[in-house]
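This document starts with one chain, in the form predicted on its own, laid out as structure tokens.
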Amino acid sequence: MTKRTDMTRTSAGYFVSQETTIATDNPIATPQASPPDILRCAYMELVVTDLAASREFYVDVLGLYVTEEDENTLYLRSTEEFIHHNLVLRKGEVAAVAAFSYRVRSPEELDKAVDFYTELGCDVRRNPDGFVKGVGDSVRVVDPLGFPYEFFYQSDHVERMSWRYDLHIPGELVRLDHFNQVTPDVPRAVKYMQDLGFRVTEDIQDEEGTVYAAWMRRKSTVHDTAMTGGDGPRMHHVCFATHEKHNILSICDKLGAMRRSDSIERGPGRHGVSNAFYLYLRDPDGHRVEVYTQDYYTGDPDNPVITWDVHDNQRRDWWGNPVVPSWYTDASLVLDLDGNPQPVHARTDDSEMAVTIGADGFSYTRADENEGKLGNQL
């Protein structure tokens, strides 16, 4: 990432610079083949162990719309979506992620995906009929980081529910916003994602240049995916956007009224990174779901990269609330293309949790503050 001496500190406390090509000690080779032109993150395929419990969580509690279902699979979409689904829940023995799926600009981009990943030596499979209902010709790969990626263009169109106010709930989820992936070597991951056409919008570093996380986008928001440093490959969370922060508060109230407040892992709050209002939930299998709103536009070619110091307690929560340890340690397994869990490799660089959470359990680690936000805890 950019050196601290080449950044400009802002009045808000973070640093800005122009994006550069990421340097890494262990780079993935840049293919000669052109990458596919990715439009946006489009859907995630999750394996769940109890489909009925997951249906209750995602449909009855969070209000996602059912496009199609059978005894083993549930296809869900958010309010503004017109393609077949944003989330596939498939019943299985091991809770995990089967696919991080991206939509591409044209059918021809699938040929590029095959060439790009074949050159990288990855497991590449193409199905002209699609791997799930509602999606046509698709390419699935295990990428060099160990994640199962999918690329597709054709999708069945369904009714966009934006005008069905009679069906909306106070916590309406309007679109899929992003994924978040856990990987041991963030600079290596970022360089590969830049080769795939992603742009960096924000990152977290220390003064020595250790990179703890980075946010990257294809659409003109803060991110379509983020790389979080940790033992991986694993899935940290999948995120749905809502219109306003009061929608997030309504979800919290609903969970409380249903005596399901233990589904709330972290928040509500406002991030420093992304400036968005957030809430983190855990589904019945422990998959983490974020609800998110009010980030910012990033589409200009000279959009500056924002860098947060890892010891700035406002990076993860703008109000300075501590991050719960499970948010750093827990994540979902990911599968290979045959449905087997991918082996998890340990991060060897410093962990964000280790350098920011003290013995008292709080994450105030500014240089001039030696205690947690509320002092030492019994």
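The structure displayed is predicted, hence computed values, not measured ones. The numbering used is simple: start at 1 and walk along the sequence shown.
There is another form of the same protein, the form predicted together with a further copy of the same chain; it is not shown, and what comes next is about it.
K.L.:
Which one, 184, 268, 284, 144, lies within 4.5 Å of a further copy of the same chain in the predicted complex by heavy atoms?
P.N.:
Here the answer is residue option 268.
K.L.:
Note which of 102, 277, 192, 117 lies within 4.5 Å of a further copy of the same chain in the predicted complex, where distance is taken over heavy atoms; exactly one does.
P.N.:
When a further copy of the same chain is considered in the predicted complex, the option within 4.5 Å is 277.
K.L.:
May I ask whether 163, 253 and 321 all come within 4.5 angstroms of a further copy of the same chain in the predicted complex, judged by heavy atoms?
P.N.:
Yes, each of 163, 253 and 321 comes within 4.5 Å of a further copy of the same chain in the predicted complex.
K.L.:
Using the partner position in the predicted complex, report whether residue 121 sits within 4.5 Å of a further copy of the same chain, counting heavy atoms only.
P.N.:
Because no heavy atom of residue 121 falls inside 4.5 Å of a further copy of the same chain in the predicted complex, the answer is no.
K.L.:
Using a 4.5 Å heavy atom cut-off, state whether residue 209 contacts a further copy of the same chain in the predicted complex.
P.N.:
Residue 209 lies outside the contact set for a further copy of the same chain.
K.L.:
Does a further copy of the same chain get within 4.5 angstroms of any non-hydrogen atom of residue 40 in the predicted complex?
P.N.:
Yes.
K.L.:
Would you check, heavy atoms only and a 4.5 Å threshold, whether residue 93 touches a further copy of the same chain in the predicted complex?
P.N.:
Residue 93 lies outside the contact set for a further copy of the same chain.
K.L.:
Where, among 123-131, 109-117, 136-144, 300-308, do residues come within 4.5 Å of a further copy of the same chain in the predicted complex by heavy atom distance?
P.N.:
Residues of 300-308 come within 4.5 Å of the partner.
K.L.:
Out of 282-299, which residues reach within 4.5 Å of a further copy of the same chain in the predicted complex, heavy atoms considered?
P.N.:
The stretch touches the partner through 294, 295, 296, 297, 299.
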